[in-house]
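The data below hold one chain only, encoded as structure tokens and taken in the form predicted alone.
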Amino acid sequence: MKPELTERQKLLLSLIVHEHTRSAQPVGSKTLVEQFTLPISSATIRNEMTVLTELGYLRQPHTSAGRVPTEEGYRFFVSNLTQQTTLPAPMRNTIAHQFYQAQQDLDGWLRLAASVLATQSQAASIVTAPHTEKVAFKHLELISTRAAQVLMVLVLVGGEIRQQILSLTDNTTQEDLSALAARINERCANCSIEQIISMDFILDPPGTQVIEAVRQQMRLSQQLVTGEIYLDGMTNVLAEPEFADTEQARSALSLLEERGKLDDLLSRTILGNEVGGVQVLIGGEGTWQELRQCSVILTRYGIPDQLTGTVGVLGPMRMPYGRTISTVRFVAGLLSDLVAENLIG
């Protein structure tokens, strides 16, 4: 078990993290004295930096005296030194104003959330659409397109929309389709997928096809880990000096861009947490090799047990954790309020 750090060691580790985040360069004792007007000598600082290095919180990338934080150093900083960080009031007001001025629809809010997170963090952002944890029927529309082809629009409780083109066995008029949709809406409103699967429907062949399609779409929704994915700021990551080798950055970004990898990441991290809780992954946590030079900050938003999504950012380990965590948490809170006000009920 490691010895507990002294208050001075905690301060120096915090300052080194801040300065390295700003400069992307190793930090020496002279820099600390000059930048932060510390009332201790360079020799004392060097001794403390040696101790922090021996404890695994810092490393010396070159033969110079400069140090950079290790993964363990960043973890200590995040868990011990950023608990009270809050987003400045002017920034909170600006972000909130953007949301309430945005087009009043879910797609607009989610695109804005991804843009705000990418801009404020200068990292890659990820936002997933709110997804129903318990799939339930809300409304069905059937729209005749041509001949026996019909567009089925299924709305689930919580606002998720699923569409499918059906090729019915018989030509059916729009009037008949509307009547069929009305019958199904009346019987299935607010019913769970299990209830609809167990129902007996006495319908003609086109109606039977529609009900089976409704069941299938609800099954598919239930199998999804997340809703639609919104990404922004990917070029921010590619521009960081840590990723001069762009293959390393592209490998990390593949976790966001490939649905299977993202679902695995979210399932094994944030999806089991409470709404509003923030999780920070540093260096891949020994599990995701693609993230060995990155950090990921994630949280959930929405209404527990009803409709939830994920927001987060991916960037280099050298990121301003306090501000970024606060921004992620604040945007998640705004989205939770919008979900509660506009999508639940």
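As the structure is a prediction and not an experimental result, all values here were calculated from the model. So that there is no doubt, residue numbering starts at 1 and follows the sequence shown.
This protein has a second form, the form predicted together with the DNA, left out of what is shown; the following refers to that one.
Asks: Can you tell me whether residue 2 touches the DNA? I mean in the predicted complex, with a 4.5 angstroms heavy atom cut-off.
Replies: Judged by the heavy-atom cut-off of 4.5 Å, residue 2 is well away from the DNA in the predicted complex.
Asks: Is residue 31 close to the DNA in the predicted complex, meaning a heavy atom pair under 4.5 Å apart or at it?
Replies: Yes, residue 31 is a contact residue.
Asks: With the cut-off set at 4.5 Å between non-hydrogen atoms, does residue 66 touch the DNA in the predicted complex?
Replies: The answer is yes: residue 66 has a heavy atom within 4.5 Å of the DNA.
Asks: Taking heavy atoms only, is residue 278 within 4.5 angstroms of the DNA in the predicted complex?
Replies: No, residue 278 is distant from the partner.
Asks: Of the options 291, 40, 55, 303, which one has a non-hydrogen atom that comes within 4.5 Å of the DNA in the predicted complex?
Replies: Comparing distances to the DNA in the predicted complex, the residue within 4.5 Å is 40.
Asks: Find the only residue in 298, 27, 307, 317 having a heavy atom within 4.5 Å of the DNA in the predicted complex.
Replies: Of the listed residues, the single hit is 27.
Asks: In the predicted complex, does each of 8, 46 and 60 have a heavy atom within 4.5 Å of the DNA?
Replies: Every listed residue reaches the DNA in the predicted complex, so yes.
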